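Shown here is one chain on its own, the form predicted on its own, set out as structure tokens.
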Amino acid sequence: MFYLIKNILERKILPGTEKKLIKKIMPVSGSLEENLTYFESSFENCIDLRVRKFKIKSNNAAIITLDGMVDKETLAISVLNPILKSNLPENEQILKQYEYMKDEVLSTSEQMECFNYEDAMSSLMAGCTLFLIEGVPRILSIEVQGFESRPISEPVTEVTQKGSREGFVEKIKVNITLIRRRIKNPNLKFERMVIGSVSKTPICLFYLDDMVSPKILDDVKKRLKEVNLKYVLSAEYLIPYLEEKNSFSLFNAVWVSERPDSVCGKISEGRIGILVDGAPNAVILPYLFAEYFQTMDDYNQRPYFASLIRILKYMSFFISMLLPGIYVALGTFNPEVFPTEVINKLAASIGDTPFPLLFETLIILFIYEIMREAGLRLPRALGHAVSIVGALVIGETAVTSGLIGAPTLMVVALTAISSYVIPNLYEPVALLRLVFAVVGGVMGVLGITLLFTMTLIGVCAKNNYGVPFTTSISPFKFGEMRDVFIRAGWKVLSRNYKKVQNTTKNK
């Protein structure tokens, strides 16, 4: 209570007592030594700062780079050699000589002039080369980045049988190119922002100008400007700031994808994408509940087979979430619903194990989660050992020793397999099946029904940026059901191409 009152008093601003911290922006000096001293003192005890001093005619100049962030060959060919071999006009002021080198000598395509140290420092940290010359109160930032990066490869988490094998990488410029290659349209816009007060992480908003909702776009930009993180090291850092405020839900209305083709398909419906430098994925919003059950393979296969797989995904979702709870509830309170043969085997299994059915189910669920986490974090060479140990310990030893019943083990195994059919929903499903199991063991089928109703109401009530999370199921629209439980053919899907904002008033 004391800390709550203290926090309230600290946040309260009394009239005449508020203090505004104004960061002083220092302009670039005309003295080369002062400029070099500033950067050298800022990077004190840093081994990656490189300062190359030289003379241009009778004028002192320097180039500042960060080791490993620039392409040294491009730097030598496009910057150093042209400057050192240039024939500057004689008897000209140093500022005009600087302008001549910037416009006539340097062969790089991307240059920017920095008039203060803050802009120059940001450019240097982004991998640019800084060119300074005595007597010129400005710094020329030259883009010759060349740091090592991972090549384009197949996505790991979104595997498909057909379609593209390209996935996003850590370099934001490469990711922009992957998107631009697929949508050759001038209406595809890319806007740059910087997030993180310390990390200064570049991010990029992209959308189709003729498809996006201006209201949703303004709301996204406003939320991004309110991000108060010091470090942004992955795209997932931004998700809590992009979701609906003051709401708690296990299901995300913001999607993260590694596939450029999937992302391009989403923004063609009016969505907004966000690329984060250093993250091999893209954030897409707003996201709908039905899209958890859609994959790129659905649109590369025949409609009848894609519809069958879509129905199997919905069935797997309900099995992975409800099966342990229903099994515990029926086995504890309503065993008469089972056939006689099943009741006899179930009773014999429960009688041979020392634990109640609820506790027995929870034990196996927790052991399964431990094995899954161990297999996920261990090196690949040891991953097979976890599978072997799990099969021997849980699959055989636990049953033969009488600690775990065979029916319970089968139920949990089916639940675990079903949960991997929709990997994007694994986190909420893993928690919900534990809760349903506990409620089923305590309150029976009635508790399962009440909890399922509460979960359904929470999902239907969720919306982000004014877009209902369960559209087109609720509110129901028959015309948009062509790509929910079943997948219609492309001749049908191509008619009346929908925009996500058409489900709301945000147009």
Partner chain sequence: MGKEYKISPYQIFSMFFLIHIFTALTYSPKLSFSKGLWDLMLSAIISLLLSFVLETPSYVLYKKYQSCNMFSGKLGVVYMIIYAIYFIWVACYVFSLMRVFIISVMSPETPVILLSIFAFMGAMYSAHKGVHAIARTSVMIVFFVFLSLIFIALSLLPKIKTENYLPFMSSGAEETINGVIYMMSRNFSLPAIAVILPLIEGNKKATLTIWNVVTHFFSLIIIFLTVGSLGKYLETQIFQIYSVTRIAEVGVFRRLDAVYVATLAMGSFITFSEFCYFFSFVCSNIKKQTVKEISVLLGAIAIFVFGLCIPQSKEFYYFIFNRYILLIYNIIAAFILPLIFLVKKLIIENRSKRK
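Keep in mind that what you see is a predicted model, and the values were worked out from it rather than measured. Residue numbers count along the first chain shown, from 1.
If you look for the form predicted together with the partner chain, you will not find it shown, but the lines that follow are about it.
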_To verify the annotation, which of these, 51, 481, 26, 454, has a non-hydrogen atom within 4.5 Å of the partner chain in the predicted bound form?_
454
*Which among 27-35, 40-48, 439-447, 54-62 is in contact with the partner chain in the predicted bound form, heavy atoms within 4.5 angstroms?*
439-447
*Wondering, does residue 473 line up within 4.5 Å of the partner chain in the predicted bound form on heavy atoms?*
yes
*asked:* Would you classify residue 336 as touching the partner chain in the predicted bound form, given a 4.5 Å non-hydrogen atom cut-off?
replied: yes
*Is residue 424 a contact residue for the partner chain in the predicted bound form, using a 4.5 Å heavy atom cut-off?*
no
*asked:* Given that the partner chain is not shown alongside this chain, does residue 268 nevertheless sit within 4.5 Å of it in the predicted bound form, heavy atom to heavy atom?
replied: no
